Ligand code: HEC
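Quick heads-up: it's one chain on its own, the form predicted on its own, in structure tokens.
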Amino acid sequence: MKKLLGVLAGVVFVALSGQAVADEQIEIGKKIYERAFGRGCGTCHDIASNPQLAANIKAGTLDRAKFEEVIKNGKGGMPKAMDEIMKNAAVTKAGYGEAQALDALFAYISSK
């Protein structure tokens, strides 16, 4: 019985730890979205005439690979944004690399 309780406690701990990591990732993604280029991604992307990131991600028309390509290379009126993202204090504090920062931003936008 004690062994079973120990195993269950371990499973619960792992599940809660995973959720905490996901929550942290989304919070960092939110900070990137709100602060990129000093005014935030929403300055452009929350305007009806511009690409609606959350809708495009949910519809499957913007996958993670395309998202990364646009962030790194820019597209149309959007400038390259990777350097700006990596300057974000939340990214620096978390010690995130480029892939982790993009994952966080993509996760946050996906959660909107």
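Don't overthink the numbering: it's just position in the shown sequence, from 1. Everything quoted here is computed from the prediction, not taken from an experiment.
Keep in mind that the form predicted in complex with the ligand is missing from the display, and what follows is about it.
- In the predicted complex, at least one heavy atom of Asn56 sits within 4.5 Å of the ligand.
- The ligand is not shown here, but in the predicted complex it comes within 4.5 Å of a heavy atom of Met78.
- Taking the partner from the other structure, the ligand in the predicted complex has no heavy atom within 4.5 Å of any heavy atom of Ile28.
- Among residues of the shown chain, Asn73 is not one whose heavy atoms approach the ligand to within 4.5 Å in the predicted complex.
- Contact annotation for 94-110: residues with any non-hydrogen atom within 4.5 angstroms of the ligand in the predicted complex are Leu105, Ile109, listed in sequence order.
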